[in-house]
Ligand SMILES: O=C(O)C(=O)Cc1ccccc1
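Shown here is one chain on its own, the form predicted alone, set out as structure tokens.
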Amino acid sequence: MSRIAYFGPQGTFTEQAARRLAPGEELIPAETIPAALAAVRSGAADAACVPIENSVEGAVTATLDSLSEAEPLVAVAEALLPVHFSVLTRPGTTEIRTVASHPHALAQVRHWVEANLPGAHPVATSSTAAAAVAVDAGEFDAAVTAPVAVEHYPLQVLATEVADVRDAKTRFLLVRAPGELPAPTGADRTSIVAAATNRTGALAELLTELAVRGINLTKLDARPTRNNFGEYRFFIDFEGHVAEPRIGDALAALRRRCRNVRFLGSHPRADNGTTEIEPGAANEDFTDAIGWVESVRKGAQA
């Protein structure tokens, strides 16, 4: 049985994602996202499940920063979960003056809280499950949590299916130490973090390397390097798998242009979407072109 660390404590959406990505495996809650990833780096866990982006609140910066630092880790799978919350209280609660949760969760239920719990003060906690723990301890009156939280804490459900944006989703990654990658499926995602030179047009040049090869960009985030003001790392997700000739060609080009490139994984996409290939950008086109160049070099073809 593999050990899977996840952003805990028990009762988070990340636990739900870990159950989906690693069914039947031993789940180990970690207090923070960096702690979950550190467990993999130290060997205390075989893999970690962490959130990477939310359709309402955007990138999870703690995950981005932790993946770009220390020993490399690679994503081997992803899950996409609908984000509908439960509101939990202690049994017998009659007045709700404080509502606790992770900042991302509070932002996604703000209108519901204003309409249904007027006057309640929102309080940020380190996770949705930490809010449930605090409510159980009597620190706050209500917690906005993942539905799974009610399985772990002696609280009652005040409301379910709570969300200001009904189709909100969060994407989670299953991350391991570098090793054998999942085989390409034709509907894959590749992720990298690139530190470009701080000069005019540097980012445009990176994106052009993808565009000229017909590679569709799916996510772009910038985070400071923390070394010098104005220097950034770019987190780039795009369709395709590193095993494909066109993706390998693009990664080689990015490696030439950047001060540093870290490969963050190639794995099947959770949305099961198909990749549309532009004319001249299919893997066979790249293979044929490389073969033609080799023939020219050998003097067999002009």
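All residue numbers refer to positions in the sequence shown, first residue = 1. This structure is a prediction, so every number in the text was calculated from the model and none was measured.
Keep in mind that the form predicted together with the named molecule is missing from the display, and what follows is about it.
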**Message:** Within 4.5 Å, heavy atoms only: does F140 come near the named molecule in the model of the complex?
**Reply:** no
**Message:** Since only the chain is shown here, I'm wondering whether Q108 would be in contact with the named molecule in the model of the complex (any heavy atom pair within 4.5 Å).
**Reply:** yes
**Prompt:** Closest heavy atom of H102 to the named molecule in the model of the complex, within 4.5 Å or not?
**Reply:** yes
**Message:** Residue-level contact is defined here as any heavy atom of the residue lying within 4.5 Å of the named molecule in the model of the complex; does S191 satisfy this criterion?
**Reply:** no
**Request:** Name the stretch, out of 195-203, 122-130, 92-100, 226-234, where some heavy atom lies within 4.5 Å of the named molecule in the model of the complex.
**Result:** 122-130
**Request:** Sequence order please: the residues of 162-198 with a heavy atom within 4.5 Å of the named molecule in the model of the complex.
**Result:** T170, F172
